[in-house]
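Below you'll find only one chain, the form predicted alone, shown as structure tokens.
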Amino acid sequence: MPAPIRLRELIRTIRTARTQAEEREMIQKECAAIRSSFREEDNTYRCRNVAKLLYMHMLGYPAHFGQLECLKLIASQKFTDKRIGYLGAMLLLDERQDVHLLMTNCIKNDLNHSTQYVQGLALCTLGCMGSSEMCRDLAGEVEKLLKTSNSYLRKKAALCAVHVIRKVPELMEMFLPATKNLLNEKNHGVLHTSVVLLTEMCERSPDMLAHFRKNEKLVPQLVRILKNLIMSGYSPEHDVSGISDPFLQVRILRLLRILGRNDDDSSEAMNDILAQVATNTETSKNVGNAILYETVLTIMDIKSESGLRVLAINILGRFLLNNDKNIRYVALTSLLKTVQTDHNAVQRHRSTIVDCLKDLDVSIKRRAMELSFALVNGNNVRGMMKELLYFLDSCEPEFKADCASGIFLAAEKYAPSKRWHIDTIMRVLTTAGSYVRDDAVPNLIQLITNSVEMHAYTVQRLYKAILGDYSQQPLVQVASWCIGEYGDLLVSGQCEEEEPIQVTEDEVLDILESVLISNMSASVTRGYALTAIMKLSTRFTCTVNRIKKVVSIYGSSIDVELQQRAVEYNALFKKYDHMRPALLERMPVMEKVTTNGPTEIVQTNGETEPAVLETKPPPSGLQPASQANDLLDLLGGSDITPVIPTAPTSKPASAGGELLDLLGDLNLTGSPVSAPAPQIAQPPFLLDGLPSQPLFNDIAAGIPSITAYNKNGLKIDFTFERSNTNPSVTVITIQASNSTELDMTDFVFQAAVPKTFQLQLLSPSSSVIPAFNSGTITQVIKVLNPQKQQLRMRIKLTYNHKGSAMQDLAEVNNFPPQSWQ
């Protein structure tokens, strides 16, 4: 049989193929020749054939029939055969195939070989594709090589030990003695792999982390190595763009971050070296920026000094001025994570952050927008809203919904005056009305209703805003409602805030009729307009007959909703005209708090809503109360405020203290509870009522935040605010973040408090916590503490992570005194 062609000739031949079919034909022909050679047990050219097979595998063609030939090459005594054999094993084999177990004995023999390069091949292969069974069998040999004096073998053994620990975590203690002298090595390759090994051990075992902190004194050793790297002169072997071994520096900084997290002594020991790295690292090249970024992350993650944290934030501020888009994005993401803890330091870079809103890159724009909203407070709300409104006017459509929502929330929280608040929301509706949330219209109507002195000004502004433009439907809906309520003020020209306009009754009706017949008007908007026209029949005096005519026309509308309204309004004119003025009188000021009564807590995805108790039998298949009420035993005592499920009962709601609800009666003395008020369905339109509960209360800030939970990569922070309208109410905002590499899904947060408190959980912002701390879930808890007792809480967390359901309980007792006193 003629000698097979060489690998170079095969590559050259394949590259001459002009079509995919021609290439496939060449590959199939060569594979057939290789198979024939394998069948004839041709030892002379086995190495050459396997090398060609690996090249074909890299091109994407099947090469599984060469697996056993790789094992034969590994068993060979020639180094060239072993090299190709081990390379083939790493490419063609994995732990899902039983064939790989046949090479365990060969690897064991090669780990004890007299030649270091053969030992290195065996270590690389084991570290690349070794299964848990192979790792258990060969861990002893790896541990011996980790103690050898040969630097070439020690660095490979350290990386192989990392793979062994990942596959079989219980073997971690076997490598503990070998790690004692690893950091005393002068060779940078050994130092680098040693730091990787120590990082893996600290991340996987809290016991190992505590051991390295206390017993091994690992932090001083790492500080010494890092200091030598910074202070050492030019070393051509390790220099990258003028910086000595940046890869080792980054690895050390990451390990320091793990060691200093939640540990005062370790953090204190590394403060000085972190300051040196932050001030001495050259920033003209990307290498220096990478080290500075890792330094910033370490400073922010440990218990560092306030001055050091300000230095870290200033570094991120310099990153924002960098021409590289990736560096700017990284800076914005990092500032977004730190803005809650170091708000004032981040505020110094507000102008630079706002400038990023004009960036052409959409990712940078989104991060800058999120950070800008996080920086808004009572002092800068006017300036920040001006910039964000300008951004809303010019940004891409995919940003408008989030931007409008953020402006609504910030304006509601920090508005300096009601007029400014109304003007801001109207500006948003004018600019991006089609993108706002569904609750924007009722919230603005409630705000206008409660601002009695602004009625004339508001209705005049809205009237001018919709003249000839009905494209922004939410704006038209609010304007129709306000014209119907305050049309008499519009016609009388009583506006004092700005120059009044002269409008006649017919002109007002012309606008509303135009809304009714406009092709751009949605069915909901037409409903607002028809109701507004009906209301004007009691506010206007000269156009009642015209109003009757318009209403009667829509009695035969093909829109069922409009037809029903028109028929009912016609009946008002004909049969109940004496009741019409009373029915259509002006809406009263809407209360911000609802009256208390017996309530039921309805548990949804982390949301707790009050609902009036009904004495009706449960649906079939209802779980027992002991199963539905998971939080009853969270506080471990009998004074728990339970979650009340709807259950069949014939007892009245006033039967003593049996209904221990979270949001109901405030009378905690055991006196009878008043009968429940009837539940009235909210009308689909706003003629008769609006939701009376605002999204947020007026809040006074200044209470330190706490970390309520930090385990398995899930971190939950509590920030506190006190209500200005009711000092007994504490508003707690939870922020859940995820530092692991995979998202946490189906996240549900539940809480329980003693019965002397009352608790309300609002809806969470999402049920998915993004990985790598790239986003957070927020949820608002409102706690009523009328007796000003120290706050205690038990929390229950459930979520899915890495394909398995997770559940944990925790107790929170470290609430700051300002949150409950």
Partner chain sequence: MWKIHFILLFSRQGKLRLQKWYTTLPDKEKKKIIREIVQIILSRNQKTSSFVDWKDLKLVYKRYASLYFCCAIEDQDNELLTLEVVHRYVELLDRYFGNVCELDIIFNFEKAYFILDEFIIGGEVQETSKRSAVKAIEDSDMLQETVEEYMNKPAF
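Here the structure is a predicted model, which means the values were calculated and not measured. Residue numbers count along the first chain shown, from 1. The term rigid core refers to the maximal set of C-alpha atoms that superpose within 1.5 Å between the two forms.
Missing here is the form predicted together with its partner chain; even so, the following discussion is about that form.
Taking a 4.5 Å heavy atom cutoff to its partner chain in the predicted complex, the contact residue among Arg136, Lys358, Arg580, Arg83 is Arg83. Taking Glu294, Glu721, Glu485, Glu505 one by one, only a single residue has any non-hydrogen atom within 4.5 Å of its partner chain in the predicted complex, and it is Glu294.
Across the proposed site, Ala368, Asp402 and Arg427 without exception lack any heavy atom within 4.5 Å of its partner chain in the predicted complex. In the predicted complex, Arg166 approaches its partner chain with a heavy atom inside 4.5 Å. In the predicted complex, Gly189 approaches its partner chain with a heavy atom inside 4.5 Å. Contact annotation: Arg257 falls within 4.5 Å of its partner chain in the predicted complex, judged by heavy atom distances.
In the predicted complex, Arg794 stays away from its partner chain, with no heavy atom inside 4.5 Å. Note on the interface: of 456 to 464, 560 to 568, 520 to 528, 201 to 209, the segment with non-hydrogen atoms within 4.5 angstroms of its partner chain in the predicted complex is 201 to 209. Along 64 to 95, a non-hydrogen atom within 4.5 Å of its partner chain in the predicted complex is carried by Lys72, Ala75, Ser76, Gln77, Lys78, Phe79, Thr80, Asp81, Arg83, Ile84, Leu87, Met90, Leu91, Asp94, Glu95, in order along the sequence. Taking the rigid core as fixed, one finds a CA shift for Ile302 smaller than 2 Å between this form and the one not shown. Once both forms are overlaid on the rigid core, the distance between the two CA positions of Lys358 between this form and the one not shown is 2 angstroms or more. Comparing the forms between this form and the one not shown on their rigid core, the Cα displacement of Glu370 reaches 2 Å or more.
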